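In structure tokens, one chain follows: the form predicted on its own.
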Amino acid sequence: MANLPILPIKPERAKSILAGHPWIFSGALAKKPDLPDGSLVKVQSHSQVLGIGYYNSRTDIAVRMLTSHDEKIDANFFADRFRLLRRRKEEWLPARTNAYRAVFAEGDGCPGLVVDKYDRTLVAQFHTLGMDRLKPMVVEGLVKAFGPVSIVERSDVANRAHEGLDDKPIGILHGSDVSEVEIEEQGFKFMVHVKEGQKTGFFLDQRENRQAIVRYAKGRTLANCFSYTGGFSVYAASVAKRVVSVDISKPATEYCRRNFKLNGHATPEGDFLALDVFDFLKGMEPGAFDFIILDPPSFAKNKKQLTNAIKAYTTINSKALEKLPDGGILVSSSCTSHVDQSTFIKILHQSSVNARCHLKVLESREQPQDHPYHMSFPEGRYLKFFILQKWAR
């Protein structure tokens, strides 16, 4: 049993914790504890132990739960959890794939922790104060469970400041120094810059969605907007007539070009454009592309930005539909958690109204199994992905 401070919560708030929700809000506490922020606590309702989590008085989420059992939190705790995650995730991993999300925060019982596996390199992000305090245990657990050649920290995330952390560390937590890693994903190869790329270097959550577009891209002329390092572009180039990749970041477009070469694709000079996507869509000749992919970064980091995010999504989807010919394919995705599925559907519908066309849904998809969310924690569902066809009115 864990010898930890006891944190009582109001009896009426115990139900959601027993049902598996990992968050306890400050209003659910029976009293405010006199504890250092980041402390491990044993959560109780009356005499019933609900589990163990970590406490932070600075945030509305006062406790994030690590386990529903009364057990010791140490390196072995994390190692056992990571081994189980590894075994179950690799069971369903596609063939010829050596990169996946090893630990997905609340979805994998480790709130505040994200770990991506790129071949034998792990890239970890510590988002919260409580998980940051547990970093030595986490690293030891990762070493025991995965035996990596390197663990890179990419905790350059904005929400650490909200947690009371005043740093955004990037560096090596274990093993050899590494900046780039070559990965394989369903037979395609990619170079991942694990120290300077967005997030942890690559967007693993679109793996199955990248595969899904291939059959629709055959023989088409495709524009991949917000292309980053070319995930969708590389897949599409295996069957498309032409693929143009557009991203505002010049380094990202250069990585995209490198990934094309890595997969044996041609790299015409005019097919890798470092441009603002909004300007690109505005200047596009109608009918120049019969397949457009819109996979932007999150447009809203918090609820205050939601209205502007909806406007931005509507603008880019409307403009893309205006430029597509009848029968053209629009792939539209959103990773903005504050824009839920129903809201995104409304955005796409309004975009079709603006473009004076109809939209037929060919496929609707979301995040893959290595980015899971619990039915008790729908907040973990964030990725929306639609393959659509434009029909004339």
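Just so we're clear, the structure is a prediction, and the values are computed from it rather than from any experiment. In case it trips you up, residue 1 is the first one in the sequence shown, and so on.
This next part talks about the form predicted in complex with S-adenosyl-L-homocysteine, which is not shown.
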Checklist entry - Every residue in Leu222, Ser245 and Asp271 with a non-hydrogen atom within 4.5 Å of S-adenosyl-L-homocysteine in the predicted complex? => result no
Checklist entry - Any idea which of 92-100, 211-219, 295-303, 141-149 reaches within 4.5 Å of S-adenosyl-L-homocysteine in the predicted complex, heavy atoms considered? => result 295-303
Checklist entry - Of these, Phe291, Phe232, Phe126, Phe104, which has a heavy atom no more than 4.5 Å from S-adenosyl-L-homocysteine in the predicted complex? => result Phe232
Checklist entry - Among Ala309, Val277, Met191, Ala240, which has at least one heavy atom within 4.5 Å of S-adenosyl-L-homocysteine in the predicted complex? => result Val277
Checklist entry - Just to confirm, Ser249 within 4.5 Å of S-adenosyl-L-homocysteine in the predicted complex by heavy atoms? => result yes
Checklist entry - Applying a 4.5 Å heavy atom distance criterion, does Phe203 contact S-adenosyl-L-homocysteine in the predicted complex? => result yes
Item to check | Exercise: Ser227 in contact with S-adenosyl-L-homocysteine in the predicted complex, heavy atom 4.5 Å | outcome: yes
Checklist entry - Could you tell me if Gln198 has a non-hydrogen atom within 4.5 Å of S-adenosyl-L-homocysteine in the predicted complex? => result yes
